[in-house]
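Next comes just one chain, in structure tokens: the form predicted on its own.
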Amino acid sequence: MEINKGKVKILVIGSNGLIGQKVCELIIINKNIELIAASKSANKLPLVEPFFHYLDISNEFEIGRFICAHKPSVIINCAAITQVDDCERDKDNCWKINVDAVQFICIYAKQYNIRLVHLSSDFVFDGISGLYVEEDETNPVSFYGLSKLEAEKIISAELEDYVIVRTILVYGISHFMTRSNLMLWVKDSLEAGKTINVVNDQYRMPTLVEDIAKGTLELALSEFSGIYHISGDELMSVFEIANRTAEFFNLDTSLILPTSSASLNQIGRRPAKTGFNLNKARAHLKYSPRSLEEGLLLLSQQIDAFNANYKK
């Protein structure tokens, strides 16, 4: 992807995550962008190694020193604790990474006049109405959702040059298959002959990671600001997503058992229906997400490539 813009320096925080990896891959092939990749854990993407740095975003002094040293034009923050139940179990750590660290980033983004692009979530909504537009009222039902909403509030209050990118149920392949997601879990479980329970009363728009990464980078390099919804555009139950994944890979759908959210006894509540209205992204970015089948085809091709290159 080539974007006609002067040379910019982009700091990707959370470069080891699924979205972070894909954003870094897009930046590396763009000659107009200089990459700075940062994560608290060891680098997981070989192409990024020359540009990689360790960064503990829970440490305000370390963030300040790092941003001062590198002075990026744009920060893309992909770092977060996203496991809903983990956030309920350890609220202090969730708040430290999802909220306090964002506050620290904002302090130095403001001081050095840096544009901030921050990844947020559909879980800022309660899921009662669904097909949300960016201006709809937020009302999270989990501590994870609350932490993401609080980060949004901090960003919008502290900065003028920012973009908040909300997304839904991201799936895809990370380098060396270091990250799992719903589609990979379904595929791996059914291939192993395992029976799985999948909720049939939660509705989502599954989002291919390549689509959210492309939209995020385009927003980073644009002059747009505010909140943007970037996701897939097919609303379906999680149970249907699992079945369509199984059918695509020619696996036994009878192993997928429908279940209600209540029967799972999950610690953190999930909103029931969180589809997005994508009109703003379509108008400003000409955003056009791939269908689930197109995404699964790419997923399959990437899995085949991984197996050919790394499995003996």
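Don't overthink the numbering: it's just position in the shown sequence, from 1. Not measured: the values here are computed from a predicted model.
Separately, the form predicted in complex with a small molecule exists; it is not shown, and the next lines address it.
Participant: Look at the stretches 190 to 198, 67 to 75, 168 to 176, 232 to 240 and give the one with heavy atoms within 4.5 Å of the small molecule in the predicted bound form.
Facilitator: Residues of 168 to 176 come within 4.5 Å of the partner.
Participant: Could you confirm whether residue 119 comes within 4.5 Å of the small molecule in the predicted bound form, counting heavy atoms only?
Facilitator: Yes, residue 119 is a contact residue.
Participant: Mark residue 57 yes when one of its heavy atoms lies within 4.5 Å of a heavy atom of the small molecule in the predicted bound form, and no otherwise.
Facilitator: Residue 57: yes, in contact with the small molecule in the predicted bound form.
Participant: How about residue 40 - does it come within 4.5 Å of the small molecule in the predicted bound form, if we only consider non-hydrogen atoms?
Facilitator: Residue 40 belongs to the contact set for the small molecule.
Participant: So in the predicted bound form, does any heavy atom of residue 97 sit within 4.5 Å of the small molecule?
Facilitator: Flag for residue 97 set to yes.
Participant: Sort through 244, 44, 270, 280 and report the residue having a heavy atom within 4.5 Å of the small molecule in the predicted bound form.
Facilitator: The residue from 244, 44, 270, 280 that makes the contact is 44.
Participant: Using heavy atoms only and a 4.5 Å cut-off, determine which of 205, 183, 208, 79 is in contact with the small molecule in the predicted bound form.
Facilitator: Of the candidates 205, 183, 208, 79, 79 is the one lying within 4.5 Å of the small molecule in the predicted bound form.
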